[in-house]
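Quick setup: the C-alpha cells below cover two forms of a single protein chain, split into structure 1 and structure 2.
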Structure 1
C-alpha cells in the first residue's frame, strides 16, 4: 500500500506479538522512568491505557502519563513549548499531513526513512509503517451522526441533510477542534460541490453556507468527548463526530447511528517532539505500539476505528463489525479525501478566518 502526500492510509503492520522494547533499551541505554503522551481523551484514552499504556509500563517500568487535548489545543501548546524552549511532552498525536508533509519537520524527530531506531519496523521491514517523522496511529473518519429516536424513519444521509433544518429539525453540533477545513468541506458538500471537486476550497462560498447553519448549532465541540456528552444529554441530535465517538454511543445502546456517506477521511500518527524530555522511552513506546497484534484487534473492536493491524484483524470480524469499523475496502475508498499539498500552507489562514467568523 502506497503512502503519498495526498492520501496517507496507515498500512497494515504484519508483526508478531512479542515486544522488542528490551532489545531497544539495552542498545540505546536505560529508559527514562516517565513518558508523556498527548491523547484525544475520553473513552479512546481509557482504552489506550488498558491495552497499551499499562502493558508498556509493566514491561519497561516506564510510567506513562496521558495528556488529553483537542488538535487545535495541541498545536497551540506545542508552539508555546518551542517558543519558550521548554518541551514538556514526548509523543504527540498528529494529523496525517503533519507527518507526511514537511511543515513540522523542525519540531518532530526524524526517524529515518526506514525507522532504524525502531527494531519492529527496521528488522521486519513492515511496509508503510515508517512515515519517517512518525508511525501510524489510526485511520478513521469524521462521520455524520444522528439521534435515530428523534428522526424516526426519516434518517439523514448527507451534509445537505445536515443543513436542511426544515426537513430534519433539531439542534446541531459542529467541531471546533482546530481543524476548521473539515467544516469548510462539509459546507461545500452541502452546497452541492462533488467530493472530487472540493479542492481548491472555495472558502468564501463555504462561509456563506456556514452562515445558514450557524444559528442552529448548539454545541461547538473541541474534543470528541464533548460531542458524546452532547448526544447523551440530547443537547444535540445531529453532528459530525469522529468514528470512535459515534461507535461508542451506538455500542452503549443509545439511539444513535452514523453514516459513512460523505465521511471525511481522518488519519493520524504518533510523532516524537524534538527535545522531548524522555526520548528513549518515547522511541521504545513507538516500537512497542508496533508489536501488539492481538491487543490491536481487541482495541479496534472497542474503540470503533482501525489501526495499522486492520488487514490482519478484518477476517476475524463479523459483517456488522466490518461495517461499524469501516473496515471494508468499499467504505475506505468512498471517504472524502484531502489535497494536503493545497491545504497545508493555508492552515493558519483558514484557522484565523474560522475564529473571526465564529466570534462574529
Structure 2
C-alpha cells in the first residue's frame, strides 16, 4: 500500500462528496431510514458519532444506530445471524485480513473490483481505499512499547531487545488476546528471522525462544486496557501494545514511547453484510466515510490511529503527529505482514499449542 502526499482542497471536495451521496441514492433508490453499524465501543464510538455518524445523519436523514461489541461477540453474532438467516446489522467493523479472506466473501457484499459502488473511491483518490469487499477503517499495529524513564538513553528498538533481559532489564508484558501468531512472529523476529521470511512460521523454534522470555513476563494482557493499566502502574516497562493504546499513554504525559520498527500490522475495515436490512444507506455511509478530510484529521488526533482516509488531511498533522500515528508511507510499508493463506487454516492448532504452552 502506498500513501501519497497530495495537495488537498477541502471545501470543494466536501461539497462534491455530499452531492455524490445524493446522486448515488437517486441512482439506486431512496436511502433507508436507519443504518446499523458495529463499533468497538468506548471513546472511539463517541468520536465516531461526533465526527461521522451525526454529520451523516444530518446530510442524508439516515438515523445511524451504533452497536458496540467486542471482536469475539461480533464474529459470534454474525455467525448466528447467518445461521438464523436473519441479518440484523448493516456494516461490520472487522480485520482487513477477514475482508480479503475468501471464506468470508460469501457473507459480505462485493463492492466491485475498483469499488464502483462507492463513487468517492475514484473521486477522492485515496491510496488503498478499495479492498473490493470492504474499505479500510484504520491502519493500526502491534508495536513495541516501553517506559522511557526506565530505559533512559538506551531505548530498545527490536524484538531481539525485548528478549535481551541483560541489556534491557525490567518486567515484560505480552499479549495473550487470542492471536498467538503475533507472539510467535515476535519470537522468530527476536531469533533473527527476517520479517519477509517469517512465513511459513517455524512454530517449534518460536516456542523454544518463547521459553526464554516466559519467566520475565509479569503481565499477559488479554485486552488492551490491561496493558495500559500495567504500564501506568509500572507493573511492566516493556510490552507489545496496540498503537491506539500506546498513543493514549504517551499523550497522557506518561514516560511511554513506542517504535514502529518490527510493528505487526493490525488493520481493520468496514464491510456490508449480505442481506443487510439497509443496504443503500450502508453503501452511502461507506462512501461518506471516504470523504471529509477535516473530520478525519481531528478524529485521528483524538482516537490515536490513522484512519482509512490515508492521505493528507486538513488541518495538517504536525511531524510529531505524523510519526505518532504512523501516517507515512515509509512507516506503513515497513510494518510486518502476515501470510493469511498460510495462517488461516492453522489458527486452531496454533491457539491449542499456545494454550498448552501457557498452561505448562
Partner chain sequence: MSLTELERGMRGELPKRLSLLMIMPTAALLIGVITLPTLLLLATSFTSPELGFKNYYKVNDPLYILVLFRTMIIAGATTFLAVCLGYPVAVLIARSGKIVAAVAIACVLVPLWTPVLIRSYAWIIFFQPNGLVNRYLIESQLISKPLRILYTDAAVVIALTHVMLPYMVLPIANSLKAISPDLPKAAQNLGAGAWSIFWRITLPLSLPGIFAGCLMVFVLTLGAYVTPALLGGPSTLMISTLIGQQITILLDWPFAGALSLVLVVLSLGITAVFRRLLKLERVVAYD
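Residue numbers count along the first chain shown, from 1. We call the rigid core the largest set of C-alpha positions that still match within 1.5 Å between the two forms. Keep in mind the model is a prediction, meaning the values are calculated, not measured.
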*Which of the two shown corresponds to the form predicted in complex with its partner chain?*
2
*Could you check whether the CA atom of residue 301 moves 2 Å or more between structures 1 and 2, using the rigid core for the fit?*
no
*asked:* After core superposition, I'd like to know whether residue 133 moves between structures 1 and 2 (criterion: C-alpha shift of 2 angstroms or more).
replied: yes
_Threshold 2 Å Cα movement between structures 1 and 2 at residue 205, rigid core reference_ = no
*For residue 114, CA displacement between structures 1 and 2 after the core is overlaid, in Å*: 7.4
*State the core-superposed CA shift for residue 61 between structures 1 and 2, in Å to one decimal.*
9.7
